[in-house]
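Below, in structure tokens: the form predicted on its own, a single chain.
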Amino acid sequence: MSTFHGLEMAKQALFTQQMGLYTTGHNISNVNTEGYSRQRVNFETLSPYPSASRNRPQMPGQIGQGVKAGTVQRMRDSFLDTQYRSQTSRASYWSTKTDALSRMESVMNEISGGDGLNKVLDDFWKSLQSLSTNATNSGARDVVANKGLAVAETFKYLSTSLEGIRTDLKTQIGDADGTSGKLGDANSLLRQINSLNKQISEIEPHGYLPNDLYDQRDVLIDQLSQIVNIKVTYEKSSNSSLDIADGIANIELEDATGNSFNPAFSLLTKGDMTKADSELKKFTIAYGDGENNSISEIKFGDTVVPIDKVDGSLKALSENYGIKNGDKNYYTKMLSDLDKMASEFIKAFNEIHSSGYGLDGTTGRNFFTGTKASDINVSSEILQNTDAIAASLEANNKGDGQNMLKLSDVITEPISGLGTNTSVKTYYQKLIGELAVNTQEAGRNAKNTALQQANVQNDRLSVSAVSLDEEMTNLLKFQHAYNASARSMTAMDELLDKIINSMGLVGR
């Protein structure tokens, strides 16, 4: 054993404690960095001396040689990562769905008792009732024309507003070649993850752990899990990599129950590292022709994505915008129902109005024009001349308001085209009721899934987040260990000084 063994052991201890101080400083520096996982130095005892062999020196036993820094490892729990991403997909789905339905609800403006279509129809009905009792009153006729105009404007407002939000949803989903919206985000995230896979594969074979690259990759994977639910598996980057190295992240699509598709739907594999970004598969979307312009299909490469079987914000946006042959399609369904309601209302109202007589003796005139919610209007002839409103049932009885009573019944009496025993008013109330139920359900699930996501995130942070109290304790611990190692070196220095400078001086 070398005379300077003690010095060497103290030096190793100084270097190792110093690395502990550096890593603690790195943790403190990144306390506010998104996705950063705290790191620790794995201290390892050096192999004792002598090693077992035939030519070992005769010693009473092995003696320790001190400490070394084995690896710098980040603190992470892969099980919690999996749980968090699963909860993130669900929470993102319900949150996005709630936002979309809440926007619809705010447009309808009925739930909170606002001036929605229900109230406008009530006002129109009251104006018809009022005119029925005084059919020759020009003021009452003006009120009927204006209230009818309000009904038409409200129908058009609802249709235009819902269509506008639906266009916004389409923008959020993305364009056909997947360069914008959620599809663009997903494609960009996959490219970035692939790039990090490449960098990690170049570092790990040298025996290093690229912890900061792991963190960057995990942040991107977390973001991808908001868009679609994914399963992440890791593959060793090379045979020379450390056993605790994360390796290459392979990503596949999962269904809403958290199971892999059969066959597996791969989004990114180790083999993609050899490809240029332009060669990677990506999400694309096709919108159908026609008035609804619903989503025909979403593809990843050449494979159709079963969007109705996955979770995440992409599914919620698609369901609200409208999927071809989909069973939800909230916005297209509401627009279609409004058109049906407006169409049946226009037909029923005009049929009765055209059979009556106005003060000017005219008959056969429609009150409303148009065929659906987006183009309904009050006839310009009536707006210009309210005497043309057919309040009377008989041509020679201009004071007869009986036709107004029949017209007012259009709002409250069943119309066969709307369903069994369903009037315009009850039909609309049914639409509002279904909307309220869907919004409440989505809001409740959004709240519950967000709570579950937060719980898992708290568990995850308890493992990987930086605690300043803990890091300050580590600073003191490593500082004292460093000081003790320096003291050890000083003791060895004094011991050697005695040997070198004080021994062998007898007789001088």
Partner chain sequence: MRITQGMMTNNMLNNLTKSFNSMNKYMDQLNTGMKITKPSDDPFIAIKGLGYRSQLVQAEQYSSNAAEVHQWMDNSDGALDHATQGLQRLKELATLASNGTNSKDELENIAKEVDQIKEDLMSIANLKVNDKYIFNGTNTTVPPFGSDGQPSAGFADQKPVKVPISPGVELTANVNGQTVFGGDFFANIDNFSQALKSSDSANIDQYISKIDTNIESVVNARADLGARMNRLDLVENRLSQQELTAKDIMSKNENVDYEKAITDLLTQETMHRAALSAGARIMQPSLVDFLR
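All values reported here derive from a predicted model rather than from experimental measurement. Residue numbers count along the first chain shown, from 1.
Beyond the structure shown, there is the form predicted in complex with the partner chain, which is absent from this document and is the topic of what follows.
> Taking the partner chain in the model of the complex as the reference, which of S29, S53, N458, S47 has a non-hydrogen atom within 4.5 Å?
Replying inline: Only one option qualifies, and that one is N458.
>> Looking at Q129, S343, T363, T233 here, can you tell me which has any non-hydrogen atom within 4.5 angstroms of the partner chain in the model of the complex?
In response: Checked against the cut-off, the match is Q129.
> Counting only non-hydrogen atoms and a 4.5 angstroms cut-off, does K425 reach the partner chain in the model of the complex?
Replying inline: Judged by the heavy-atom cut-off of 4.5 Å, K425 is in contact with the partner chain in the model of the complex.
>> So, N262 and the partner chain: in the model of the complex, are they within 4.5 Å at any heavy atom pair?
In response: Contact check for N262: no, nothing within 4.5 Å of the partner chain in the model of the complex.
>> Whether S467 contacts the partner chain in the model of the complex should be assessed with a 4.5 Å heavy atom distance threshold; does it?
In response: Heavy-atom contact with the partner chain at 4.5 Å: present for S467.
>> When the contact criterion is heavy atoms within 4.5 Å, does W125 count as touching the partner chain in the model of the complex?
In response: Yes - in the model of the complex, heavy atoms of W125 and the partner chain come within 4.5 Å of each other.
> Which one of these stretches, 185-193, 405-413, 301-309, 318-326, sits within 4.5 Å of the partner chain in the model of the complex when only heavy atoms are counted?
Replying inline: Correct option: 405-413.
> So which residues in 420-454, when you check the partner chain in the model of the complex, have a heavy atom no farther than 4.5 Å from it?
Replying inline: If the 4.5 Å heavy-atom criterion is applied to the partner chain in the model of the complex, 420-454 yields K425, Q429, I432, G433, A436, V437, T439, Q440, L451, A454.
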